[in-house]
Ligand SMILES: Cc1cc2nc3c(=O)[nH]c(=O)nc-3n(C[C@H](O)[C@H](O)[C@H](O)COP(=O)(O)O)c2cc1C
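We begin with a single chain expressed as structure tokens, specifically the form predicted on its own.
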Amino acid sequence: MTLTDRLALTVPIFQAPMAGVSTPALAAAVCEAGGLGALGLGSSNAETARTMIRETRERTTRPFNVNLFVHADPAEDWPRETAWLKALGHSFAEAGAEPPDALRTIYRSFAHDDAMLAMLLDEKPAVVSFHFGLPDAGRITALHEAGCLLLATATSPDEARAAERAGIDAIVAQGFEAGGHRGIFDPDGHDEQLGTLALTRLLASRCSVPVIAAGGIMDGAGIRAALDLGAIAAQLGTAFIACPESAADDGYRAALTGEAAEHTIMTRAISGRPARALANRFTRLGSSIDVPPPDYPRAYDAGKALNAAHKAKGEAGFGAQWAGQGAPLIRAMPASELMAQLRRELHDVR
């Protein structure tokens, strides 16, 4: 049985599990339309994650994906963090606010989150996926024994080989065009910056497990290109942000459907890890600061505080407006309509 058969997909579309943007309503709508919906749980604790899984199950009986972050524990570098907060001080003051006195590790890595593991073993979601790295063999075995199909993001052949060796069932090939956080295992290591087409073809020709293409794919023609290169499906994220079921705020939506969509930038300033976002006031601020940002997710603590201060004053330009390079192709419509449109487009280019 193929992976798509196991998931009962009628269209080869995975919705990207965008933490902070994906919702049970969005995931369920994609599932009901024949794709694989997803929840981004990397920023959630175990009980919040359980609530989201159960809400999604109230909306659909079909399989869906839950995604977790497997990042290295951040270094608490007080001199660097103090310098970073000082560099952000003027921007906080502009919003009439003070920067935090100290930074916190706001997200716990699944590598050490026993409560999250216990919740997953209890809830047994059909698909569990990993971003930023791989959990240990014990966690992988436990999830497999619970009946979960496991996916992992890879940005290079080396990462894909590591995922195969670890027993991962399928690989999400994330090209450099992709919006949101780069899934690279070591954010301080060398990044080959492989594009979606090249990476998909490399992995499809070399890997023994199925490959899902991700990055810059917005329409049926893009999905068809991924399939022609050997992927079993395409993962789309930015394409779904403008859907009413997403949790994107008004400023984010306006930026995506305006001139800002023409310009994306890879930045570490917002969260501490490389991520592709719409160019906005925060990305411009980050490019002007000589101090390196603190480690992920401690830098994100400052980024979220700065965004909240400016949002309170009606300024949306400091948000984490993640988007891929295909953003100008975005269509604002309900997820069910977008899925139907993607299905038609995919059929038309066969």
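Numbers for residues come from their place in the sequence shown, where the first is 1. Since the structure is predicted, the reported quantities are computational estimates derived from the model, not experimental observations.
Although not depicted, the form predicted together with this ligand is the subject of the following passage.
- In the predicted complex, this ligand sits beyond 4.5 Å of every heavy atom of E159.
- Put simply, F69 is close to this ligand in the predicted complex: some heavy atom of it is within 4.5 Å.
- Using a 4.5 angstroms limit between non-hydrogen atoms, G324 touches this ligand in the predicted complex.
- Put simply, D113 is far from this ligand in the predicted complex: not one heavy atom of it is within 4.5 Å.
- Screening I330, L338, L9, M18 for any heavy atom within 4.5 Å of this ligand in the predicted complex leaves a single hit, M18.
- Residue-level contacts in the predicted complex: of C243, A163, I270, L236, one residue has a heavy atom within 4.5 Å of this ligand, and it is L236.
- Look at 85 to 93, 202 to 210, 215 to 223, 114 to 122: in the predicted complex, residues with non-hydrogen atoms within 4.5 angstroms of this ligand sit in 215 to 223.
- Taking this ligand as it sits in the predicted complex, the stretch 136 to 170 comes within 4.5 angstroms of it through a non-hydrogen atom at just one residue, T153.
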